[in-house]
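This text opens with one protein chain seen in two forms, each one given by itself as structure tokens under the names structure 1 and structure 2.
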Structure 1
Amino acid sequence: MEANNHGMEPLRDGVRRGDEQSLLQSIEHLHPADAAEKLAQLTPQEVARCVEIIGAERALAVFEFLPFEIQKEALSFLGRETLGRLITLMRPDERADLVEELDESFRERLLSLLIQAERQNLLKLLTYPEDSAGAYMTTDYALLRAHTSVRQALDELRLQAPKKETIYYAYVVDAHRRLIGIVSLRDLIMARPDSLVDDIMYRNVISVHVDQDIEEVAQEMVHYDFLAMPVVDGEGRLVGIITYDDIFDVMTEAATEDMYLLANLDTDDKVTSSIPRSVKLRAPWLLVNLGTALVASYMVSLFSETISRFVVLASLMPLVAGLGGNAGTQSLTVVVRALALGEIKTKGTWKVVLRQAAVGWCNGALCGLVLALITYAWHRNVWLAGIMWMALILNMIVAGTLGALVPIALRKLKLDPALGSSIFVTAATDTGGYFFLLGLATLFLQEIVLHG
């Protein structure tokens, strides 16, 4: 942070004095991503002022790297003319993401500043559901016709370059805009100038549908190592492309989401969130957890007679429940991750569940033996030791089975496999652990007390 604060004053000073030269000097030697980090420390009003001073054209690259929150607030301080130019120059996907965040009235105002074609395009992009390919794609892709020569194609790409997100892949469409081929810039510059695009283009085009889930698209792009993925509509017409940097963001968000759901957290919760906000976001999950913990608590209360006759059981309860919880979380995490990476096919699900159950059984037998030995050393009670062993095996089988079954079932229900699954699995291993231990102890109470 220190390194960033250093050199903030000239920037702020430049904004205050409206000094174009000193403003440019403090950001132009930086990569736009770094300049944006610096700018993000100004107030939105100062950011807007900065855009006004250096002009929308030169501010654009930096502006697109600013966090949405700041972009959004800064917009409202911009003059009509600069606002119009900035929003027109923005990349269509960035623009749509931003406009989506705005209030209705401000959105209307922005739309009125765009020319007809851009407005149509923006309204179209806004209709795609949040996690679909359509919501992430850009409509600024390079287009070629099949019967263009390579020489002409390169000339066309040269002309298209300033407006396109990437020209490293160019897409070939027919008269109905249906995607029929792809050609890379690498292939174009390696080809003979008088050959046709048609001769060198790759025809077995892999594309995704505009409604496809973006995490699936990410999986595909990772599978193929694609730099960009074409997006088509129901008729096979090219409507956009998704580039590798979009996938960087999708992968980061998807990983955060899975980790957060496994820990019962809302994705808006950050280390930087205000205390009231974090409290508000976490409380509902904790209250759900309170509900499931009450079930476990009630289970114990059913056996208070047994516990009062042999109080050592109260201290052994956490062992069976805790180890079961841990084993359940292990199975759960392996399965959730495999589902997220598309490693579990529909046909193999039962095998996955059985395997996790078997792993639970084996580790229950193994750790249960250690636990039984410790219990015996501690309480010199062979019946108690045996019951601990048995209870742990049973609870670990529950842990492995549910750890695999719950996320797979959630996926079948078209829900996120990690959603609430850890609360459910832990509730089951807690309740199960108490039930197996105290139930067995009640059955063999005579023997335990006799040997106690």
Structure 2
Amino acid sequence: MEANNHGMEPLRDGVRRGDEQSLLQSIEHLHPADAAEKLAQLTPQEVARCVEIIGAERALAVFEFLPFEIQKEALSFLGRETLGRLITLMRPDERADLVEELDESFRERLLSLLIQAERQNLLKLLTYPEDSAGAYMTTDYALLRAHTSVRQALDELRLQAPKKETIYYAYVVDAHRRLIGIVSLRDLIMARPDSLVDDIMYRNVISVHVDQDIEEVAQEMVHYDFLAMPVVDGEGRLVGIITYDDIFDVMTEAATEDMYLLANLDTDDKVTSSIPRSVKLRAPWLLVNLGTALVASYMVSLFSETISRFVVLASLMPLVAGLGGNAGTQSLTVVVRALALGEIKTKGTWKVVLRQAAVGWCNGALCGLVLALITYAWHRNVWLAGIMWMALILNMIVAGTLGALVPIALRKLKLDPALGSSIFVTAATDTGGYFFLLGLATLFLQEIVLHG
């Protein structure tokens, strides 16, 4: 991405120079998120023009709410002074996320606008693995020393506050920057001014390692109901904190990814994607689905003689297969969610599988009884009704078992539990449904024909 020298040109399409003030006035009293929605309707060049007029200091809060793509494009239209100021004022973690997506030449330009300390901090953040705690942490946190008095601590927090992301919690470190305690702003306000931080700080600090997987960090923050989580290195030194807004983004992304994977979609597939790109991303899984469907079709072909002798089975097969597929999706969704939230431990996996199988048996008995009664009322054949009942019970047990077993097995193989799970579970319930129904029908064919 190259810098554009036309960032100060008049805006187009209704926001030219004469309309700039009215536009800016209309967003002046809005929340930054709402103001960003208005600016997102403009082109990146127009957004850059608004930033130039407002100034980096006032524009920063709105700019950080803009979609990532607009941010990247708008940067190229900013003048050098505004660009440098905007990047300097950004939170370290937000700055790192943005710079990481830029091409090499424009990244070098941005780095040259930062002072050495900020540049080194940015480069350090960029070295952490993408899904690690280090990649999501910010280095803007409130810091105190244990020997400081409460009165001095409050004075220090007043000085630190304008440059820190949050001061609700202050982190206490020793001379080697090792994390030894944490103190809340509430505790500081309520404490005697002459008491020491060491007297009121909480010493049993829960922290995460800088290389820890971010989804594990999210689970811990939800478990402890933290607003922020301290991040330490291998020697216990405080290197940053992860705030809840970042964890919320992680959880949203993880939920979206699981939803896409359960539907056998790539997370890069969007409603705005080009037709060739969407086809490229969706076709592979559809072809896998075609392969599993052929297995189910082959299963049906093995019982063609039975179907030809009792044609009504053709109209009943989708009921057993369809109900089994829905039951499998229910179990699958519950287990994938539990795995994502860390609710399933290694030693308890078989209990989960057996519980889902038991749920399948109960639902199969209940729904199978209803289906058997409908079948009898429809065809007046007690043997056929009984076969439908037994087939649905068996298929529901398979659905519950595999709905739990497949994602758990994928997790043990270090794969995403949602990856392709729905295809395999649906294939099993389709094939199983046809096998149980047609197999039982073949076994009791003589009775069905005699009582038909």
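Just so it is clear, the structure is predicted and the values come from calculations on it, not from any experiment. If you superpose the two forms and keep the largest set of C-alpha atoms that fall within 1.5 Å, you have the rigid core. Reference numbering: structure 1, starting with residue 1.
- Structure 1, not structure 2, is the form predicted in complex with another copy of the chain.
- Considered as rigid units moving between structures 1 and 2, the segments carrying residue 322 and residue 190 are different units.
- Comparing the two forms between structures 1 and 2, the rotation angle of the smaller rigid part against the larger comes to 12°.
- In the rigid-core superposition between structures 1 and 2, residue position residue 278 carries a C-alpha shift of 3.9 Å.
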